[in-house]
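Just the one chain here, laid out as C-alpha cells, in the form predicted on its own.
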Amino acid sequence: MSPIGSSGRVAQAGRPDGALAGEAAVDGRGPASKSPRVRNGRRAERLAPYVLVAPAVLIIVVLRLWPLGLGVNFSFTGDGERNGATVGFDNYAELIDDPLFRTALRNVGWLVLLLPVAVAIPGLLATFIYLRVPGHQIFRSVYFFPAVLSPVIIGAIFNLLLAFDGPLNAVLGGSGLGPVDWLGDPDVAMFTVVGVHIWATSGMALVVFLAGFSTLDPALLDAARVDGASLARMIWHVIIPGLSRTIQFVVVTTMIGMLTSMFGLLYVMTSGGPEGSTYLPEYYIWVQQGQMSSPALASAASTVLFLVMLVVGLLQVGLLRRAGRED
C-alpha cells in the first residue's frame, strides 16, 4: 500500500463531517441542496387549504357576520323619539312584555316538538324509494315537485283547499266528521301552516336522504334480509345508524327552515292570525320593521331569533351525536 494513498485516506477520515456535508452540498448530490425546495413545498401544502377557504370566509364575514354585528349593536338603540340613542336592554325588556312575541316563542317550541315528524316523513319516503317500491321513479319526481313552487302559490292553493267551505271540509262533512276551521281556529291554525310547510319542503330533504343512501353499504341490508329482519328493524338498526350524519344535517337544516322560511306561508294563509296565534319570530320582525316602524325593536327580535337558532341547533347536534355513540 502506497503511503500517499494511506495518508489520503487518513486525512479524509480525519476531516469533520461538516466538511463532507459541505462538499456534498456544493456538488449538489446531498439532501442539503433539496431542503429549501422541500421546505417551500411543505409550506405551500400547509397554506393551500387556507388560501382555498379564504374567499368563502371573507364572504361570510362581510355578508353575514358583519351585518349580524351591526344588527346586534342597533338593537341597543331606541326607536321613535329616542332614535339613535343608546337604550341598553330596553328593547329586550319590551319584547318580553309583548304577548305577540311570547306567542312567537311558544310557537318555536311547537316547531321543535314537530321537528321529528318533519324529518321522519322525507326519511321514510326516501327509504321506500331506495328499496325500489313499485313506481319509485315516479314517486321521486312527485315528492320533489312542491319544492319548486313558490310559498305564495302554495299558500294560495291551500287557502282554497282548507277554506271553511272548501273541498276538504266538504269531504269531511260528507263522511260525518263535520267541518274544521283549519285557518280560523287559534288552536288549529299553527299546526295547519306547519303541515303545509312540511309538505312543501320535504322534497328537498328527500333528495338529501337519497344522497345519504348512496353511501350506505348494501351488504348490510342484504345481511339483514337474510337474517329475516323486518322493515322496522332494518330501519332502526341498519339505516338510521348508517345515515347518522345525514340525519344530523337534515335535522339542523329543517329546523332552520322552519324558523326562517315560513314567512311566505304565514303571510298568505293567516297573516299572523287568528288572534296572533300563528306568529313566528320572523313574522314578528317583519311587522315591527314594516308596519310598526320599530327597526331597533326588530333588530332585538332578530338577535333573539339568532340565539334561539344557535342554541337549538347545538342541542340537536349534541343529542344526535350522543345517540350515535350509544348505538
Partner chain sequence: MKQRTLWSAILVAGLVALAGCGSASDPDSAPGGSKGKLVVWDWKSGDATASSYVKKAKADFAQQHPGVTVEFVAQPFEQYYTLLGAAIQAGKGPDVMLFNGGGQIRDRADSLLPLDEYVRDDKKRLAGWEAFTKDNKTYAAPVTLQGHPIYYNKSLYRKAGLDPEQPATSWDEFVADCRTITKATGARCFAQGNKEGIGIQFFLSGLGSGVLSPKEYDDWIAGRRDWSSPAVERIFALWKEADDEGLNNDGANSTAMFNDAFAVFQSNKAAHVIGLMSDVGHWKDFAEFLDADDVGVMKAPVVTAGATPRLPYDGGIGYAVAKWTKDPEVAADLVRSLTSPDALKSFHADAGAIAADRTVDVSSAGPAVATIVSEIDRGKPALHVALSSKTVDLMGRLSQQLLSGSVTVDSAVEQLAASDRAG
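Residue numbers count along the first chain shown, from 1. None of the values given here were measured: they were computed from a predicted structure.
Keep in mind that the form predicted together with its partner chain is missing from the display, and what follows is about it.
Engineer: Only one of F191, F164, F89, W236 has a non-hydrogen atom within 4.5 angstroms of its partner chain in the predicted bound form; which is it?
Structural biologist: It is F164 that has a heavy atom within 4.5 Å of the partner.
Engineer: Would F74 count as touching its partner chain in the predicted bound form under a 4.5 Å heavy atom rule?
Structural biologist: Answer yes; at least one heavy atom of F74 falls within 4.5 Å of its partner chain in the predicted bound form.
Engineer: Any chance L183 has a heavy atom within 4.5 Å of its partner chain in the predicted bound form?
Structural biologist: Yes, contact at 4.5 Å.
Engineer: So, L100 and its partner chain: in the predicted bound form, are they within 4.5 Å at any heavy atom pair?
Structural biologist: Heavy-atom contact with its partner chain at 4.5 Å: present for L100.
Engineer: I'd like to know whether G173 contacts its partner chain in the predicted bound form, with contact meaning heavy atoms within 4.5 angstroms.
Structural biologist: Judged by the heavy-atom cut-off of 4.5 Å, G173 is well away from its partner chain in the predicted bound form.
Engineer: Mind listing which residues of 282-303 have a heavy atom within 4.5 Å of its partner chain in the predicted bound form?
Structural biologist: In sequence order, W286, Q288, Q289, G290, Q291, M292, S293, S294, P295 come within 4.5 Å of the partner.
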